[in-house]
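Below, in structure tokens: the form predicted alone, a single chain.
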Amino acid sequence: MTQTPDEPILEALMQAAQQGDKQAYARLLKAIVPKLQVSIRRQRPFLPTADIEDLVQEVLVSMHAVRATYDPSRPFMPWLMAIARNRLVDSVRVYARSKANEVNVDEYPVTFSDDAANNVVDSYRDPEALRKAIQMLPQGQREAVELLKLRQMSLKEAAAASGTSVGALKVSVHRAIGALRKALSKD
């Protein structure tokens, strides 16, 4: 890779910044921001300016976090561009994860007022069967369901009322819901 005319200046600024020179660090940041903007725009021409700026900031934060790993005997720009490349790859991963579970719908059903809504209350349709299934649970599970689900207490409140730990309540509710699903699916 050919060295740019300002590469020695950037390397010197980075070395000074590593030694604690805040002014050199500020000059370095001011010098590399336009380079990062151009590089990211070249690699992601479809991104809006705000997203480009976000990525530049992510690169700068990452560079700041790992600035001690820069080896002054090596060129600065390839080191910086490796950080930028990693942030770009991370941004693609984040985008892919966020879009993986999205579903486009024209109209959202309103809970409890629309028959098309997936209301949990309506899915059992037999409150007496639910009451009987709750009564069949072991006492600890039954108490956890009553306090957390029926009385809608917080975990902290329910733990104080029952004399059990928050963790034990979570486990009891989890097991109770599994048992209720099995009992109600048989009906």
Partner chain sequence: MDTQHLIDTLIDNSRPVQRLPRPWVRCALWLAIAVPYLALIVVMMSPRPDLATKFAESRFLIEQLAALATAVTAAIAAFAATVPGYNRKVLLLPVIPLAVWLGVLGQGCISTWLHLGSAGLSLQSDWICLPAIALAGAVPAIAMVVMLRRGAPMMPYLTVALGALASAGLGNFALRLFHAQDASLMVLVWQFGSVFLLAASATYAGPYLLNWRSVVTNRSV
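Residue numbers count along the first chain shown, from 1. In this text, rigid core is short for the largest set of C-alphas that superpose within 1.5 Å between two forms. Being a predicted model, the structure only gives us computed values, none of them experimental.
What follows is about the form predicted in complex with its partner chain, which we do not show.
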Residue 167: touches its partner chain in the predicted bound form, heavy atom cutoff 4.5 angstroms
yes
Proximity of residue 60 to its partner chain in the predicted bound form, heavy atoms at 4.5 Å:
yes
Can residue 43 be called a contact residue for its partner chain in the predicted bound form at 4.5 Å between heavy atoms?
no
Taking its partner chain as it sits in the predicted bound form, is residue 126 in contact with it (heavy atom to heavy atom, 4.5 Å or less)?
no
Just to make sure I understand: among 70 to 90, which residues lie within 4.5 Å of its partner chain in the predicted bound form, judging by heavy atoms?
70, 71, 72, 73, 74, 78, 79, 82, 83, 86, 87, 90
Answer yes if the Cα of residue 62 shifts by 2 angstroms or more between this form and the one not shown on a rigid-core superposition, and no otherwise.
no
Rigid-core frame, C-alpha of residue 161, shift of 2 angstroms or more between this form and the one not shown:
yes
